[in-house]
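Coming up is one lone chain in structure tokens, specifically the form predicted on its own.
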């Protein structure tokens, strides 16, 4: 029997960011947090937004960054970027939710946030942040890539459980689930 992983294609959705067009209005943050509110559009809390605008208003520089994958470990790189004479830490432009910063974490639970491209039923043509960007700084793109089964991304549930295990430990999580199961 062949142990070679099966290859298939997967649709990859991305948002291309044109920083030259961003004026820092933050409409993307507002609509993202409203879209992901429960119930939908009932509130707006930019801390729950899956996109953030990194800004340097005195130099008129705005960089939209949307949430990527969760990583349990801090990165080893600490590169610096200079834009118009101002130094930025590489963390400022990183899309990951990681233990060393609070960006892209749900403010109440601390669970990582990840851009889901506003997946909903019925599906949207493009994410809400792209629809609401009046300057076309955000552009939705789709393309197919060939992947193996092991390359498939984690589900939201797997991501949340992994984050809870990293934060509290597997045994504490299992004890809590067992306790909850007894109650229900």
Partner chain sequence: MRFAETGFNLEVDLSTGNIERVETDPRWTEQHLGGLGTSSRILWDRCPPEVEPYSEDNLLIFAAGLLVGTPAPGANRTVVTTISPQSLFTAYSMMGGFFAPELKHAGYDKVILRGRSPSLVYLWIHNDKVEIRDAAHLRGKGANEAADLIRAELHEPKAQVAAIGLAGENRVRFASIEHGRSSASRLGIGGVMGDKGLKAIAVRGTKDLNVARPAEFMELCNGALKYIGVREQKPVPGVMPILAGLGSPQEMKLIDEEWHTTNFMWGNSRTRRRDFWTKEIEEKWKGTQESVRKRLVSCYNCPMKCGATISVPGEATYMMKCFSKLTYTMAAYSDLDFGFRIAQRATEYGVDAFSAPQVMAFGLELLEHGILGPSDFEGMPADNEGRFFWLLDRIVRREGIGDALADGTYWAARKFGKAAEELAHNNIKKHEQLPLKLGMLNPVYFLMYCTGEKSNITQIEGQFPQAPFATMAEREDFVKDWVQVPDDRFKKYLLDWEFRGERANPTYPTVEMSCDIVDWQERMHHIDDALGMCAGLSSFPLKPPYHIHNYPAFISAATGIEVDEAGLTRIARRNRTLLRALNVRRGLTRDDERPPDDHWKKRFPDLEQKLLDAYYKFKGWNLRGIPTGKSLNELDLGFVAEDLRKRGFPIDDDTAPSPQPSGAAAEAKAAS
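Numbering follows the first chain given and starts at 1. Just so you know, these numbers come straight off a predicted model, no measurement behind them.
The protein also exists as the form predicted together with its partner chain; that form is not presented, and the subsequent description refers to it.
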Worksheet item: So which of 134, 124, 145, 139 gets a non-hydrogen atom within 4.5 Å of its partner chain in the predicted bound form?
Response: 134
Worksheet entry | is_contact(residue 103, its partner chain) in the predicted bound form, heavy atom dist at most 4.5 Å | yes
Fill in: Non-hydrogen atom contact residue 19 with its partner chain in the predicted bound form at 4.5 angstroms
yes
Worksheet item: How about residue 30: is it within 4.5 Å of its partner chain in the predicted bound form, going by heavy atoms?
Response: yes
Discussion item. I'd like to check something about residue 23: if you look in the predicted bound form, is any of its heavy atoms closer than or equal to 4.5 Å to a heavy atom of its partner chain?
Written reply: yes
Worksheet item: If we check its partner chain in the predicted bound form, which of the residues in 31 to 55 reach within 4.5 angstroms of it by a non-hydrogen atom?
Response: 31, 34, 40, 41, 42, 43, 44, 45, 46, 47, 48, 52, 55
